[in-house]
Structures are given as structure tokens and as C-alpha cells.
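One chain comes next, on its own, written out as C-alpha cells in the form predicted on its own.
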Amino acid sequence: MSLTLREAVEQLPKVELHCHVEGTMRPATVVELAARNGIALPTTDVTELYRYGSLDEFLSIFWLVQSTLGSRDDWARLAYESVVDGAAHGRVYAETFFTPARHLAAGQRLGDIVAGLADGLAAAEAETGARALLIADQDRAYGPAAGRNLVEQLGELRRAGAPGIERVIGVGLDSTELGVDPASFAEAYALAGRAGFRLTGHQGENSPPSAIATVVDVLGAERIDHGLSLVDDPELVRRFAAERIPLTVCPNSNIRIANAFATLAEHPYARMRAAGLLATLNTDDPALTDLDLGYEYGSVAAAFGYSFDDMVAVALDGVEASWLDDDGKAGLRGTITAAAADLGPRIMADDRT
């Protein structure tokens, strides 16, 4: 059967390294969990909430959605639906964020959150064959002390062999960048590194290139989430390209959440790729922005005139940027290249670029 380029990239197996599990919550699930947990919503039409004029406006809604998660079972449902929905658009592997600061402050136990997420991921994996691991994000809004406390608790869970903790492979940093010096989280990052967690951090969405450099050089992050402002510093671009420091870029999110660009064609993603940066494609918060990973790939291909081979290269770069071991990466590369060999010849001749 012939395929359009959009259909081919929809079916192409893909990796996602920048997706917040709370941001995958289906609108109907938001309503149901809010009712169950006594959370008042401004409207029962949740899609009406999903309009944002800035990153901080988005965060206020994100936090409201987060607040509907009240129990281990709620987290399990969220994780299950997240993997099922991602797999429907070709996502075969994900390293997905969760940000528990608000829930810990409200009295939830980190062990219950992790175990619930792991329960849901395992159930969805058995159903779909897709795989997902977890990155625990520190919330900048709660400050460095809360970040350190989160890392300490993660270490305690790992030492105790707590249920689901093997799913948590990394530690990150998210939430508002404005007025927050990432270096203030150095102690938490050092502790996480000593405990054996991989390290990443959100930076450069609305902060300068110097802040991105701080996350790498002071915090020790191995990759950067977003990294938009990197292109404003040619020397830093050359360094990131030479060292293959990954960027987990979310072009459509940068339009729909941050309103950083009016159109996708204005996004610096093509410049990032042309400069040799290891720039991957991701959705960020797909349910809150009416996105999916297939759309992300297809719309980026259309905006920048990328061919199917270009998009296969992006998918393979996602494997390189992941924290899988060598065998895991080799297996995933094989899955992507085998599918590409089947899909590519079926693309209609007039739709190959």
C-alpha cells in the first residue's frame, strides 16, 4: 500500500526523550481524577483550559492537572495511558519525566508514586511492546533544598530495592527558568551523580546560552532539554556539536506553550540540525497541546522540507541520545532501520521530500 510521507513517519518506530508523564493525561482522565480527589476545575471542558500565552501561564495549568493525581492507582493509570497513547503513534521507547514536588509537599510518598508509575508502565508495555523508563525532575519553583530532598529519597528507595525504583534512571530539572540560577541546584546534582543517576536539565527555553552552559559545566548534565537559546552562541553550538551533547527539542511545544515562534518554519530546529547538533524531536506535554510524536515528525518534515531519510536520521539520533546501554541501542537501531527499509519504498514518488 502506498504511503504519504506523513503516514510513513507516523509508522516509523521512534524514541522520545522529552515528555512529561503528567502532560500526557487525557482530558477525560483529568475530569475523572479531579472528581475522585475533590479537585475543583474551572470548567469540565478541559480543552478550554489548554490555551497558553506564555510558559508560566502553561505551568499554572500543568500544576492543576498534576494536582488531580492523588494515589498510587492514579499514577498507574496515568503511566499506562501515556505509553498506550504514545505507542499508537510509533513511539517504541521513552525516557519520560515525572515531577513529584507538589505531591510530596502535600503528603504523598515518593515510593507510592514510583511504584504506581512502574505498575502502569509495565501493564502498557505488556500490551503494546513499547518500553518506557523514568526521569525524576526537580521542580525549580520549590527550590534547591526540595531538589536535594528528592534526590536523597530516590537514593534511599534505590538502596532499599523499592518497587519500581529500577525504572528511575535519571534526575532532571524543570519548571520556570525565569529568575532561577541553575547553579543553585549543584548540590542535588552532585548527590544524584554519586548515587548513579543519569543527569539532564531543562534550560534555554526562556533563558540565555550561559544558563545552558551552567547546566552542563556546573551541574554535570549529559543532555539539555529544549536548549533553544543555544543557537545564539556560535561557540557553544560548535562545542555541543563536537561533543555530541544531546538536545531534546520540542518544536511544536515551543509554539503552543511558550509562544516563542509564530510558525514552525521560524523554529531554529533546522538550524540546529544543519550545525551538526544532536537535536532530537519530542512532544513535551502532548495531551495538553493536542500533539503526538507522529504529528511532531510529520509537521517538522513538512516545515523544513525534510525527506523520509532525514526523518529516519532524526529517529536514529534519538537512539544515540538515549541512556540505553550499547546492546539496547543496537537493538533499537535495528528496529528503526528495518522498518525504514520497509516504509521508504512505499512512499509515493511525489511525496518523497
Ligand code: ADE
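Everything numeric here is computed off the predicted structure, so don't read it as measured data. Start at 1 with the first residue shown and count on from there.
There is also a form predicted together with adenine (ADE); it is not shown, and the following applies to it.
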Indicate whether Glu81 is a 4.5 Å heavy atom neighbour of adenine (ADE) in the model of the complex.
-> no
Looking at the partner-bound form in the model of the complex, is Ile257 within 4.5 Å of adenine (ADE) by any heavy atom?
-> yes
Contact label in the model of the complex: Gln153 to adenine (ADE), heavy atom within 4.5 Å | no
Answer yes if any heavy atom of Leu55 is within 4.5 Å of a heavy atom of adenine (ADE) in the model of the complex; otherwise answer no.
-> yes
Among 145 to 153, 70 to 78, 159 to 167, 172 to 180, mark the stretch whose residues have heavy atoms within 4.5 Å of adenine (ADE) in the model of the complex.
-> 172 to 180
Could you work out which of Val46, Leu59, Leu324, Val300 is the residue within 4.5 angstroms of adenine (ADE) in the model of the complex, going by heavy atoms?
-> Leu59
Of Glu205, Asp112, Asp85, Asp119, the one that lies within 4.5 Å of adenine (ADE) in the model of the complex (heavy atoms) = Glu205
Scan 267 to 289 and note down the residues that get a heavy atom within 4.5 Å of adenine (ADE) in the model of the complex; none is a fine answer too.
-> Asp284, Asp285
